[in-house]
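Take a look at this single chain in structure tokens; it is the form predicted alone.
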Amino acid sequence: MNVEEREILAFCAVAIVGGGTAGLSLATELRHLGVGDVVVIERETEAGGVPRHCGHYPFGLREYGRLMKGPDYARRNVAEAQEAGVRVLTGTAVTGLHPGGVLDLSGNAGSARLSALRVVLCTGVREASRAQRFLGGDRPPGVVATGTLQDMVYLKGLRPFDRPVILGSELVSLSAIMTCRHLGITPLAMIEEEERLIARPLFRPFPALMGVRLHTGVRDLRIHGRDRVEAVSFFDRYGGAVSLETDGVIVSGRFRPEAALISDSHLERDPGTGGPVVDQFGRCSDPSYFAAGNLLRAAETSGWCWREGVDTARRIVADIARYGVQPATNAPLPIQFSHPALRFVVPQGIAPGGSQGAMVQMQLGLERPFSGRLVARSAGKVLWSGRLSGAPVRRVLAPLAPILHARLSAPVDLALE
């Protein structure tokens, strides 16, 4: 189905921008909860999101009770949505966000405008590019992101290199190892600028088990080559100069929200996450809009995003039941911080009178490793204090309930002590 049906789609109950894991699970749950007209808008020719390109395990165990490869998981998510009565529009781009839940659409048949009671932004993330990661050296072909690699290997059957190195050590970096092995390629090394593997401790043995040497704490990484990648060089954690002959570089992780639509819109954007500012229900600065999935913060697993989509659907149903056509107008009280080790917090604000069905945890992003206490205060009163330990890129959580249950009259201040 495409934008040719623009007259039919003049209005819907909920429009979801993005047909990845969060958007599809959210749409399916909305239909299960009785929302009558739910539309998912996906700019690619197929819905399903990132898992479509991940031809390996593990997906789906918590959601569907079985281990699945990424493409099978993506197809299952699409099928569940369509069987629930969700209309999935592929090959259709959202080109504008307007106040009150009005969207501009564009497709092969031209442009259209769609109005919805609520709009949910689920546009996901993308990996940071070579330029965004300030990689030095030459600019030869053969430097690719993990998503590009997966597209080349799983969808096109191409073998882009024989002995690449992987820059990064997040879960997606481990996925890059598995993608390479699909074509019998064993990466030469995994190179990480942080002092330790970023993926959870459970996965620390994985690179060695796959025959991939891990270098952590590296500095001044440079790529060398003219017509093709020939080598990478860097200083190791002890200050020694290292040079590795290689024919490719996989730039993995360091995700950034796909937030171009927000940048060009009336919605407030958070400088820490790069995504939208939201309250404890996932509502944006225009309460006709919600956000869910990795657009909120980069980046969680598909399983996490699936669950977040389901939870957000329930909040939207409650929001429509409470406010109807005219959504909430009370401005949230901000959650603010000044400690240099903190990069972001989600949610960024607390709307008055709301704990039923709200997020139960804050997600924090760190600029550097930290171990100490997190203290949440409002008007000088301690709302919660607890031990916090974490590192950049890794998931860091803190309870939100003590803040939600307080009678707030002033912003919430977070401090690391």
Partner chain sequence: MSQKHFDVLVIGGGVVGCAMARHFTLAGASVALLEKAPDVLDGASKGNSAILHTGFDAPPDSLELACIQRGHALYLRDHAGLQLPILRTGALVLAWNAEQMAKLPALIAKGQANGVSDIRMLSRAQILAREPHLSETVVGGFEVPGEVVIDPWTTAHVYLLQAMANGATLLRSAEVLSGDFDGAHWRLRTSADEITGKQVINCAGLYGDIVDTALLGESTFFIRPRKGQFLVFDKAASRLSSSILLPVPTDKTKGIVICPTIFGNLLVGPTAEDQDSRTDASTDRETLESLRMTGKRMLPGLASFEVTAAYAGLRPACAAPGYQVRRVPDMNYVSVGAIRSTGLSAALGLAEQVAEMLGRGDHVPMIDPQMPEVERLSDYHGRDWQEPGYGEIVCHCERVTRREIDRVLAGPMPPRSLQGLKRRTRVCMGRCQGFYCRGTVAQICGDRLDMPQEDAA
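Everything quoted here is computed from the prediction, not taken from an experiment. Positions refer to the first chain, counted from 1.
The same protein also has a form predicted together with its partner chain, omitted here; what follows describes it.
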* Heavy atom of each of Q132, D151 and E193 within 4.5 Å of its partner chain in the predicted bound form -> yes
* Just one of T301, S243, S106, S115 has a heavy atom within 4.5 Å of its partner chain in the predicted bound form. Which one? -> S106
* Structure fact -> Answer key: of V325, L209, A321, A260, within 4.5 Å of its partner chain in the predicted bound form (heavy atoms) is A260
* Please name which of the stretches 77 to 85, 293 to 301, 201 to 209, 264 to 272 has residues with heavy atoms lying within 4.5 Å of its partner chain in the predicted bound form. => 264 to 272
* Asked: So, in the predicted bound form, is A145 in contact with its partner chain at a 4.5 angstroms heavy atom limit?
  -> yes
* Asked: Wondering, does T45 line up within 4.5 Å of its partner chain in the predicted bound form on heavy atoms?
  -> yes
* To do: Check whether R126 has any heavy atom within 4.5 Å of a heavy atom of its partner chain in the predicted bound form, and answer yes or no.
  => yes
* Asked: Heavy atom to heavy atom, is T186 within 4.5 Å of its partner chain in the predicted bound form?
  -> no
* Asked: Which residues from 213 to 249 come close to its partner chain in the predicted bound form, meaning a heavy atom within 4.5 Å?
  -> R222, R226
